[in-house]
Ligand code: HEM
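Given as structure tokens, the chain that follows is alone and in the form predicted alone.
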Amino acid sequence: MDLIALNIWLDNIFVVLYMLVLLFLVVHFVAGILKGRFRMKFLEHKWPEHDHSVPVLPKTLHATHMTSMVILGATGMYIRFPYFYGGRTTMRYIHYTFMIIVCVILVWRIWYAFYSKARDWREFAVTRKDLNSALGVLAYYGYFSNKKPHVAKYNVMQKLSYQLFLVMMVLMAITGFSLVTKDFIFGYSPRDLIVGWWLGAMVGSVDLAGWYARILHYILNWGFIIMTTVHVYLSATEDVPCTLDFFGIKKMEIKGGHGHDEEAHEPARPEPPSPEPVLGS
């Protein structure tokens, strides 16, 4: 299969996959109505309780990052499917600008997580206790149970998703810069320096190496679109007060607990001061 045909196949596969994801979310939302969670949350206002709010800097970085990622996804899809004439050059410049913003935010957030005074990397580390709660979390989101295990600030699905986002963002940045072909780095382009010298030698040419980088970049773009759609859906249905607080729209009420009153959570057990992560950080 040549690369053009591969691109067409990828277009069809991901469009169908995205439609299936949207259909699943509709079914999931309807199930929430039938199971009574919609009434409990949106009508009776029984939202999860929280014992603290997220600091201002992570909120700002998150909002800036998410806005930039939406713009990147939209401009990237226009570059692939130009639905109006004459905008590709402008879209590329917008795409590259927000690509740099996302990279800066990513480095800043990693620094904050590991080296700032308020470092919070342990909140995202997956521990054995998290792994043991995975089936319970899946059962809750799949409507097989009304009890959502609470063992940390973020549940295991959130932690794994955030770590996957991190890996994908690094790959997205590498493949994205690999698509820049202007020779402005001592006579070399980013494509030459990132993939041309090794992948180009393996596949036969620098141009072909750029094609493979573009394909991976396109696949990752769809991955971000799908994951962001699910993330936004869950943010808008599972914990609206937290979402509004995160974007500075309405301050969240701090009650000193977690979960819904009618959910039978186990009593919180003391956490060790420094839980040893099992999967990444």
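In this text, residue numbers run from 1 along the sequence as written. What you are looking at is a predicted structure, and each value in this text was computed from that prediction instead of being measured.
Beyond the structure shown, there is the form predicted in complex with ligand HEM, which is absent from this document and is the topic of what follows.
Highlighted residues Val16, Leu25 and Val230: none comes within 4.5 Å of ligand HEM in the predicted complex, counting any heavy atom. Proximity of Thr127 to ligand HEM in the predicted complex falls outside the 4.5 Å heavy atom cutoff.
Heavy atoms of Thr237 never reach within 4.5 Å of ligand HEM in the predicted complex, leaving it off the interface. Using a 4.5 angstroms limit between non-hydrogen atoms, Gly73 touches ligand HEM in the predicted complex. Contact annotation for Lys250: none of its heavy atoms lies within 4.5 Å of ligand HEM in the predicted complex.
A single residue from the set Val30, Ile226, Ile254, Val54 has any heavy atom within 4.5 angstroms of ligand HEM in the predicted complex; that residue is Val54.
Between the options Met169, Ala152, Ile94, Leu199, the residue in contact with ligand HEM in the predicted complex by a heavy atom within 4.5 angstroms is Met169. Scanning 75-107 for heavy atoms within 4.5 Å of ligand HEM in the predicted complex gives Gly76, Met77, Ile79, Arg80, Arg92, His95, Tyr96, Met99, Val102, Cys103 in sequence order.
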